[in-house]
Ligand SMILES: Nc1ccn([C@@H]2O[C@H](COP(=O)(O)OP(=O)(O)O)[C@@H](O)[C@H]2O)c(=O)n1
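The data below hold one chain only, encoded as C-alpha cells and taken in the form predicted on its own.
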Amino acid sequence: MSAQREMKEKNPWHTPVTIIITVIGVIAIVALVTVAVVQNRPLPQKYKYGIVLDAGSSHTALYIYEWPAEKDNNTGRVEQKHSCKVDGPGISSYASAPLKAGQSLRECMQKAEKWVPSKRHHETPLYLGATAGMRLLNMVDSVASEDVFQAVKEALQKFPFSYQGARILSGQEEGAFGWVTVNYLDERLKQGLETTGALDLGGASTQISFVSDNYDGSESPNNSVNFRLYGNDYNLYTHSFLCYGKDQAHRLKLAHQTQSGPNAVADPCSHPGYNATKKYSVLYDSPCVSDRKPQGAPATFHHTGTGNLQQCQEVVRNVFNFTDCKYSHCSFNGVFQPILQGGFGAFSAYYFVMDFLNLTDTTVPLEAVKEQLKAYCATPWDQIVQQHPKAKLKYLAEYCFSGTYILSLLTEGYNFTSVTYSDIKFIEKIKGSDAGWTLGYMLNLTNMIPAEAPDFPPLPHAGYVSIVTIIAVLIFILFLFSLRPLWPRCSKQQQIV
C-alpha cells in the first residue's frame, strides 16, 4: 500500500496543478475553435424586393425584382425573379368601366403575394407605371384617366405591399429607363464599357435612346437625360414618338388611305384574299387620328388586301414627315436626332413581330430581309391562317404591315443603312430578364431606397485578432507548464555532465 502511494506521488500527472493546467488548456482550445468557427461562418444574405406593373396600351404586365440589401457602387444589383401577364387589355381600355381596371390586376397581385417572402411584404415597394395608352386617354379625357388610376390605387392598396403610387411615365422616361435596362443586363454600366442604344416599340409609342459622342444636349435639351450609375456619368439622347407604336401607326396608315371617305380600301399591306368590314367610328376614335376623320364618310368601309410590299412601303412612308428639319440632323417629324452610334438592342414589339416573321437575324443582308418580307406579304390570306391556326386573326392580319413599318421606321425614320442595320440586335430577354423600361425604373429607384445595414461578424477584426492571440499565448504557456515535470530531469542531466 505504501509502495502504491509512493508511485502516485512520483507520477506528475496526478498532481493538482497538472490537472488544473490540463482543464484550462482544454477550455482554451475549445474557446479558440469556437471563436474561429463563429467568426468565420457564412453570413446570411439579405434580399429586398420590388414590384413594378407595366401598364401599356395593349396589356399590363407585373414584374418582381430582387436585389441584395447591401449596395454596389450605390446601385442595387437588381434581377428579375418573376413576371405575370395580366389577362385582358391595357388599363386605358377600361375608361368607361374603371373598376374593371383594378379588378384585372388581382390575379397577378395574388401571385406576387405568394412569391415575395411574407416577412418582406410590408417593405416591398409597389409601383405602377402607365405608358402611351394612358397618355392618350389623359389627352382625351383627363377625368376618365383619374378614375382609372383611382380604381387601380384602391385595388393595389388591398395587398400587403408598400404601395408607392401609380402614374403616367413620360415618353422620355420610358426611353431612358429602357436604355438603362439593356445596358445594365449586359453589365456595360458596371464595367464602364461602351453603351448600347435602345429601340422600344409599343402599341401606341416608340422610343429611341443612345449615347452619342457628338451630342452634348445643347442642340435639343428636351431630348437629353443625364444618369449617374456605378460611378459613371452618362449623357443620353432619347426621344419618344407618341402615336408611332405599331397599333397607332396602323391607324395612321388607314387614316391616310381613307382620307376621302371611301366605301372600300384595297390595302397593299394586307394579304391577298384578306377582307373585313370596318367601322369609321372605331378607326377614328383615337386622338392620334380623330382630327383626320373625313366629313360625310359612310359608317363602314370594306378592307381588302393586295399584298404588295413595295406599294405598302409607299403607303407607310406617308405616316412620316421627312421634309421639316430645323436642326443639323433629324429623324422624322422635325425631331432632332444625332448621328447613330454603336450597337442597338430592339425589344418589345420589335422582337415579337420580327420573331414571328423569322427576321431577327440581322446578319442577313437588309435586301434579303425585304425579299423574305415581300414573299410573306404576297402569301394568300387563307394560307396564312392555315399556317398559324393558334394566332389571333387581329394580330395575324397586321404582321405584313408591322414588319414593313418596322423596316421603314428603322431605315427611313431613324436612318439605319444597309450597313448599320447589322448593328441592331432584336432581343426579348437578357440573362433571364425581360428587356423593357421596368428594370431600369426599378434600378433607378433603388438609389432612393435606404440600404439595410449588412450583417457583420460578431467581433470586429481587431477584437477577433486580439482574442485569438491571447488564447494562443495562453495555450503556449500552458503547454510549457505541462512540461514542468521534465524541468528537474533536464537540470539533473546537465549537472551529471
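Quantities reported herein were computed from a predicted structural model and do not represent experimental measurements. We number the residues from 1 along the sequence you see.
Below, we turn to the form predicted together with the ligand, even though it does not appear here.
Ligand-site obstruction classification: the ligand, superposed in the predicted complex, backbone or C-beta within 2.4 Å:
With the ligand superposed from its pose in the predicted complex, the site reads as open.
Does the 4.5 Å heavy atom contact test between T181 and the ligand in the predicted complex come out positive?
Flag for T181 set to no.
Contact of T131 with the ligand in the predicted complex (heavy atom, 4.5 Å)
Close contact exists here: in the predicted complex, T131 approaches the ligand to within 4.5 Å, heavy atoms only.
Though only this chain appears here, would R251 touch the ligand in the predicted complex if you measure heavy atom gaps against 4.5 Å?
Taking the distances in the predicted complex, the answer for R251 is no, it never comes within 4.5 Å of the ligand.
At 4.5 Å between heavy atoms, is G440 in contact with the ligand in the predicted complex?
G440: no, not in contact with the ligand in the predicted complex.
Find the only residue in S104, S205, Q80, N223 having a heavy atom within 4.5 Å of the ligand in the predicted complex.
The residue from S104, S205, Q80, N223 that makes the contact is S205.
Which single stretch, out of 364-372, 404-412, 269-277, 240-248, brings residue heavy atoms within 4.5 Å of the ligand in the predicted complex?
Among the listed stretches, the partner-contacting one is 240-248.
What residues, if any, in 52-67 have a non-hydrogen atom within 4.5 angstroms of the ligand in the predicted complex?
Heavy-atom contacts within 4.5 Å come from G56, S57, S58, H59.
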